[in-house]
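Only one chain is given next, in structure tokens, and it is the form predicted alone.
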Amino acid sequence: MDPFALIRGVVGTTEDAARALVGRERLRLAVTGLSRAGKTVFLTSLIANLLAAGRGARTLPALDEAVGGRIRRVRIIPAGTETIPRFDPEAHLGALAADPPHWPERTEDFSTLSIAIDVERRTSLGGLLPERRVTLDLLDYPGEWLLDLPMLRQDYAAWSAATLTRLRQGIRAEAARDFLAFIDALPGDAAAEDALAKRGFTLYRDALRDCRDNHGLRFLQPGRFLNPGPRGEAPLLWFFPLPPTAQGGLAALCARRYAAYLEDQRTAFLDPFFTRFHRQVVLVDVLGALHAGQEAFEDTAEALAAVAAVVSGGNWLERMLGAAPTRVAFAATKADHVPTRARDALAALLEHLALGARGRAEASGAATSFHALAAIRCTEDAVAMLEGQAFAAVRGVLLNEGRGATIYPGEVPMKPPEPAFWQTGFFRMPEFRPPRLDPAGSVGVPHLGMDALLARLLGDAL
């Protein structure tokens, strides 16, 4: 009997199975996050700083310390015959090297890139051994699609009930007014007509867009309604939530398409790619949620808890065989938008939002950590005077105006705020211009906390 038969079914190949037993030489890292959290910028910084570290630049000191200074060379592996889009760090660095520099365009599809890292090996007596090569496979996954993961645990009826409950509350109800009026007017025995199905889909999709773009909400499902990817808005997407009183052909059609949608996501992406990653980072714009107000913050918290319960799941056997990430890092992005003394509070707030998921992760064997980081640092600490009092602030160049500004962002709570917090309000955070960078990224990218996160995620493997 093939001793790797059990593992091959989960990990993929005999070669990968052997590595799972004797020490992986290929490490797969999934970079995910709620929408607008900065995944493209994160990956660009990660790649540029690893390449610079391979040339001897001390751009990632915490990672360098974690691996004992053993990283010798880092290079991007040339493209082969892959059918998956390739992440393009050169184009993104080009945007940051422009005059004036600007932020890279958001990614609209999932993409991958592989990096070869040559690591020095030493004997217990200090002698040198042949270098070891670790291949780091990176996956960039659209933030909108991340909210499809919790749907895998729901049937159509349960998803519809939960979605409609949310849609009828708060700012969602106004955004979804036309859609709610449409489904409320439908007879319970509405027929399975594509014209009705497409009309309902269009109204529901438009409501989701309004919630995301105008109200800062993130718990929006399904993800491909907001970002359909390269296949566009195929008939597979022509479904929407219906109340339990809907029992006709239209309800049955929506239920079939819901099931087909999840199966398509599972077979086209989750099974061949997502479930085979060993490490995972989940990015969250916690500051953006705070500034968007109470409903947006609570919505982000609900979305994060739902996602964390999935990505941190899996039992010890799945983790040993490579079918679930063994280390998961949650990161609050844009930490340079608050002064140094507020960044510990930002990480603590993120931990509170995912605390229930973290307990489950630890029970099942996943090592979970929480971080505050800025993949590309574009501010410095400063002091702001408000009504004669000095407050810790940040200073940067405003993106659209091109002038320097000192901003007091308000206080960051260490745990979900009490109701009184929302009465004081936050200043609306401006967009800062990124620093102008070397287009080759030869000296790395200025950041906050990227090295500590990578040390936690990759240090043991390197």
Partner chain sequence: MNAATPPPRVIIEEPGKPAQRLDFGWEAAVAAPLPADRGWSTLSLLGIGLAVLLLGFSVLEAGNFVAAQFAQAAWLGWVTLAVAVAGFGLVFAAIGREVRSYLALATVDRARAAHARGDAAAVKAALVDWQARLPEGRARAEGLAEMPIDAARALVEATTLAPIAREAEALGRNAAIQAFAMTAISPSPALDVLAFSWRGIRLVRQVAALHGFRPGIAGTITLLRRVALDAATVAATDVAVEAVLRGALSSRFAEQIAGETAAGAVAARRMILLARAADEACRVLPRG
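Because the structure is predicted, anything quoted here is derived from the model rather than measured. Numbering follows the first chain given and starts at 1.
Heads up, the form predicted in complex with the partner chain isn't pictured, but that's what we're talking about next.
- Remark: P435 counts among the residues lining the partner chain in the predicted complex, judged by a heavy atom distance of 4.5 Å or less.
- The closest heavy atom approach of A260 to the partner chain in the predicted complex falls outside 4.5 Å.
- At the 4.5 Å threshold, heavy atoms of M414 stay clear of the partner chain in the predicted complex, well away from it.
- Proximity of A66 to the partner chain in the predicted complex falls outside the 4.5 Å heavy atom cutoff.
- A heavy atom within 4.5 Å of the partner chain in the predicted complex is found for one listed residue only; from D189, D178, E380, D213, this is E380.
- Of the residues A185, A79, L386, A195, just one reaches the partner chain in the predicted complex with a heavy atom at 4.5 Å or closer; this is L386.
- The candidate stretches are 263-271, 295-303, 232-240, 97-105, and the one lying within 4.5 Å of the partner chain in the predicted complex by heavy atoms is 97-105.
- Three-residue candidate spot V397, T406 and V445; every residue lies within 4.5 angstroms of the partner chain in the predicted complex by at least one non-hydrogen atom.
- In sequence order, G56, A57, R58, T59, R73, R75 are the residues of 56-92 having a heavy atom within 4.5 Å of the partner chain in the predicted complex; the partner itself is omitted from this view.
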